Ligand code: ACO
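Below you'll find only one chain, the form predicted alone, shown as structure tokens.
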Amino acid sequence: MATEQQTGDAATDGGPTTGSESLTVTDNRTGQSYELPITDGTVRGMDLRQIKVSEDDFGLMSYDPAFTNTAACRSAITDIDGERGILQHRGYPIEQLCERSSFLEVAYLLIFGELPTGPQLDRWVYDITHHTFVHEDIKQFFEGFRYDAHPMGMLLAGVGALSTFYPDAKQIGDPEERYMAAVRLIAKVPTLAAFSYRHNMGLPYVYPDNDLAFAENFLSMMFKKTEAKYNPDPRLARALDVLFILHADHEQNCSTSAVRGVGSSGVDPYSAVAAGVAALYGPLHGGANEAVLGMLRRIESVDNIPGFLERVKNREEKLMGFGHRVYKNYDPRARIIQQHMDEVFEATEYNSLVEIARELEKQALDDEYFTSRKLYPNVDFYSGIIYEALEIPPGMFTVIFAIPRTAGWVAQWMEMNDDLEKKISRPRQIYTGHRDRDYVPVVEREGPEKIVGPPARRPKRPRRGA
């Protein structure tokens, strides 16, 4: 049975008391039965520890690689119903937020829990707008990167470096410091992102323009040339703002888990968010839309789609941008992107990949092979095409992803620090290595003469300017 302490914890953290909801487990090794309380459809992992073969036994653990069926926290920020294709932030449907709201308003909602009043939104937008500038030393820091450095690597380093410019952010219990960290991160990440692009292109950095809205300002820092004032097409700015909303938060994904895991150590928020950037850098997380573009280019034309889908069925190709770990229905974010595609393509040059993508989606969804496996388009299927239409190079796609996701990371970091059950992240393991080995002096050890590893390569001649 649950102890008073366990039941009390469930009550204080917002969950219902156990009551009659419990799970009876019989250990067939000993014949002993245990009653485990069920709260919010979960059994606490620590409740398994009481199941032992003997008194000196460590106790039972659960084994769940990649945490596919383990809840690591309680969160009131984002709710996903993957079976029905529903995404809500603080209870508001993503469809309504994209139609009626702005990214900065959604960022406020994620972090503070409620939509802002008029004065609150004005102050929030003002604070973020007037903190978009970064210290000049950050600009010099970026100039130290190689000309071909990956933009995500530069962004990762830049976000981490911010922690050295704001040492007071280590006072994570100070409400004012936490607020300022939230403002600075949301404000400065687009600036760092634009700097990484300009560095790659060999162009001078463009400072923020406080007269422009959030998405407009980012487009200005990316693409301004010699004009006195950069005025982006309103259709493109609105489409980008919607994309920012769609990517703002998505529950406990890889990068959000990284932010929470690193943040659980009590580190400053800049370092915690840098961990999120690092996780997003991985191609399995943040690089899916770039892979979609590569797939569409390989298909080349609409006529080649049937043959491509057959190769997918034969496991000779992968259908990128379809399916999702959480969604077992149509990704609601993909539907919203489709509503803004026509406006984007009206304002930009024709791209034949759009026709291929739309026909590929149609043929795949008409095929029982894919629908029976719940393979529906996800947000990455069309976002890469829109980024390309905006003349954003593929290497920047994940960087664009990181800009809005920063708001979600900050919201998750703040929620974690207010959690009464917060503990430093420390997963268990199943040890599979040797035990009780005796040390052997080096002269008595046997084995191959060469170090096991890749063959040595001839050193490359340094490139000019390296």
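Start at 1 with the first residue shown and count on from there. The model shown is predicted, which means the values in this text are computed figures rather than measured ones.
If you look for the form predicted together with acetyl coenzyme *A (ACO), you will not find it shown, but the lines that follow are about it.
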### Query
Quick one: is Val312 in contact with acetyl coenzyme *A (ACO) in the predicted complex, heavy atoms, 4.5 Å cut-off?
yes
### Query
Taking 4.5 angstroms as the cut-off for heavy atoms, does Asn378 touch acetyl coenzyme *A (ACO) in the predicted complex?
yes
### Interface membership of Arg238, acetyl coenzyme *A (ACO) in the predicted complex, 4.5 Å heavy atom rule
no
### Query
How about Arg84: is it within 4.5 Å of acetyl coenzyme *A (ACO) in the predicted complex, going by heavy atoms?
no
### Message
I need to confirm a contact call. Of Arg297, Arg100, Lys229, Lys318, which residue comes within 4.5 Å of acetyl coenzyme *A (ACO) in the predicted complex, counting heavy atoms only?
### Response
Lys318
### Query
Here the chain is shown alone; which of Lys362, His130, Arg325, Lys225 has a heavy atom within 4.5 Å of acetyl coenzyme *A (ACO) in the predicted complex?
Arg325
### Task
Just one of 370-378, 195-203, 262-270, 164-172 has residues with a heavy atom within 4.5 Å of acetyl coenzyme *A (ACO) in the predicted complex, so point it out.
370-378
